[in-house]
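Only one chain is given next, in structure tokens, and it is the form predicted alone.
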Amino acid sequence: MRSALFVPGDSEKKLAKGLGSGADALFIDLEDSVALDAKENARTVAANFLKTSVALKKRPQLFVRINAFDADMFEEDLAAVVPFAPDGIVLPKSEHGKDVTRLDSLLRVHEVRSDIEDGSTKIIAIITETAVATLNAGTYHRSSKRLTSVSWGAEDLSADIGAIRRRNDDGRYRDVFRFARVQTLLGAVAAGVEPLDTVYPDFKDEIGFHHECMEAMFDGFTGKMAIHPSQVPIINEVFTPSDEDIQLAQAIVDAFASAGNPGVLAVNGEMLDRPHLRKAEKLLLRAAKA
């Protein structure tokens, strides 16, 4: 997944527009972008959208961000949307791998009730929205086979720790948020799932957004979340491997295969070892998904 576009779950217009945004996934939001007195309507709108959109041949993946466990609304969210077979659920404010395991169990119950294949509903967890969650970012290994990706969030974390500013004057995150970002990246790799970079709130700042996408891609993130459709093309461009990168990666994989998978060999005059092979294989996998 390169791009994931957040869309308010109570807006039929924005949901319909999201289908044509080019995003790899839509995150149908029942949490932060929906006012408390609009939650029930959002569930109805989201359920109707899933009912009419899941069967479309060409569509983005459809995930629903439910309300966090501490909000006591998540059961109503799941009951409203799981019967219409979304591709997955986004779990906000996850504080430990055990939260994903708990959601796994809840989804199994709802899948049985809805006659949906066991395990078909995937999970994406946002894992750094509190101080406790950030410190537990390494606990998601083997938490659930449903887990496909983890991401992070700066806004809720800043509220939890009382931070006045998230970024320095040059636009770079301050240290505590850079720490959360690194924790997410390492936690994702340790769990064997995709690391998804967080949102960039200023959707009119295309230069700053492109720069942040490039930094995320260089560091190892495989995609990024978006809050506006205009951000999607930039994300897709940055996180799609270039033809040149694909050709080099394929050459590395082919060279190791034809040489009997040695520990080290030369490709284009450069000595490469097994870590280079693993990087090449990951890039080809990303390219295939793109």
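Numbering starts at 1 and runs along the sequence shown. Because the structure is a prediction, the values reported are computed rather than measured.
Below, we refer to the form predicted in complex with a small molecule, which is not included among the displayed structures.
Using a 4.5 Å heavy atom cut-off, which stretch among 55-63, 245-253, 222-230, 259-267 contacts the small molecule in the predicted complex?
Answer to the contact question: 222-230.
At the 4.5 Å heavy atom threshold, is K14 in contact with the small molecule in the predicted complex?
The answer is yes: K14 has a heavy atom within 4.5 Å of the small molecule.
Can you tell me if M1 lies within 4.5 angstroms of the small molecule in the predicted complex, counting non-hydrogen atoms only?
Contact check for M1: no, nothing within 4.5 Å of the small molecule in the predicted complex.
Classify Y173 as contacting or not contacting the small molecule in the predicted complex by the rule of any non-hydrogen atom within 4.5 angstroms, answering yes or no.
Flag for Y173 set to no.
Taking heavy atoms only, is N236 within 4.5 angstroms of the small molecule in the predicted complex?
No, no contact at 4.5 Å.
Every residue in V150, G153 and F179 with a non-hydrogen atom within 4.5 Å of the small molecule in the predicted complex?
No: no residue has a heavy atom within 4.5 Å of the partner.
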